[in-house]
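The chain that follows stands alone, in the form predicted alone, written as structure tokens.
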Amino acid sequence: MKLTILGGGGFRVPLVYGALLGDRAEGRVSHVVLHDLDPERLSAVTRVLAEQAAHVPDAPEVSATTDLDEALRGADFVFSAIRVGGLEGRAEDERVALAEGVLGQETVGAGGIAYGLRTVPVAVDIARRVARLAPDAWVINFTNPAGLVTEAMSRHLGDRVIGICDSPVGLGRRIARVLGADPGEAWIDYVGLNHLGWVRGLRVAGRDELPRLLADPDLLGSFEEGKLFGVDWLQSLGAIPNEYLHYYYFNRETVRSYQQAEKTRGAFLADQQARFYEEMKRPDAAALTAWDRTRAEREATYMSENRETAGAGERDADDLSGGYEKVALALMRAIARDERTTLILNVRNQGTLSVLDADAVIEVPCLVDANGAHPVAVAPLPDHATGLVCSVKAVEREVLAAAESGSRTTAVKAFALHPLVDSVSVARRLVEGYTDVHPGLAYLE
């Protein structure tokens, strides 16, 4: 089975390959094709993968190319993890937004809109190529903003594109662990959009254990989200929000913390990864050791400004291991081998949430089999969550419309309608600022 990884020179690709190395079952991935526009990054990551596979018998073959069509032909699965504009672009997204006093995070608020506007046209081109060159392939999208990009691609690939994210997986795992339950045996009632969802229940042997957690302040305050949001707020919500909702619930504090930080997250990662790729230019560099060291630092500093704002302290060791690669592997196995499983995924709504239309991509538990991912029926969201989901989905639709039409006016509308952008005037300045620094937004007129 052939897996093509778009963004194959990306820093987190070894996580995916590491998961593949542990899969020994029949019908596993036997050939991995890395595609990237940067041959030096491809070379660096290929070296890391070679060291990962050094002592693994029958490790999947790895090849690399800068030719997108070549990479796609004959693919059974396409894993998309591209970053249009690179980490330097992310840093610019943050800088422009913070200068206007609004959030510049890569998937939330102004930064997420800017990233989406320059990513959607590229993702649509990829979707069209997949439909032409590998029509039977399944596309697993990890490109951010994941829900928005998955919806853009679904207009050309239908249900053969599925978005993944590690945030709901990590959240469910933490809740189960605190409750003394096996995460693999728990049913997680999670509903929302990507980076905008809530755990409303966690069932073990048919019993919802979440009320027990919410009723115990000591237990509730003992894990990441309890520290991040505070016990009182979680008890008021009656649910556990995805960590990214901290940007909404504590927006003013987070923006201030980001403005006071020595470097934005994007600038930090750009510098950190530049050092890694520079080190990889030395033929004698220990590729896997350098990658492991860089990844540990990356994971330990994840959402550090939010944790500082909340006084949440350092991340727990169990939360430093990632998780999206395990979701990707489970998804591929379920489809390729009809190994039925349940995963939280980004898929078309198909009536699951009545407040959204059928084509809106949402993030919910899905039953996965050889025919793809099928969203599970869920109870309606409470009014406060419904309002936020509908508002953000409306913004995503304006981003898609702007990307399709090239309308600058529609792009301004997308920014102005977002709950975290507080003025139409700010929205206009954001569009001016982003088009000034991003060549990829030159299409907006």
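Residue indices: 1-based, along the sequence shown. All figures in this text were calculated on a predicted structure; none of them were measured in a lab.
There is also a form predicted in complex with a small molecule; it is not shown, and the following applies to it.
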property: Contact stretch among 345 to 353, 72 to 80, 366 to 374, 166 to 174 - heavy atom within 4.5 Å of the small molecule in the predicted bound form; result: 166 to 174
property: Residue among 138, 277, 250, 244 with a heavy atom within 4.5 Å of the small molecule in the predicted bound form; result: 244
property: Heavy atom within 4.5 Å of the small molecule in the predicted bound form - the one residue of 254, 154, 144, 264 that qualifies; result: 144
property: 4.5 angstroms heavy atom contact with the small molecule in the predicted bound form for residue 106; result: yes
property: Proximity of residue 298 to the small molecule in the predicted bound form, heavy atoms at 4.5 Å; result: yes
property: Residue contact check: residue 237 to the small molecule in the predicted bound form, 4.5 Å heavy atom; result: no
property: 4.5 Å heavy atom contact, residue 287 to the small molecule in the predicted bound form; result: no
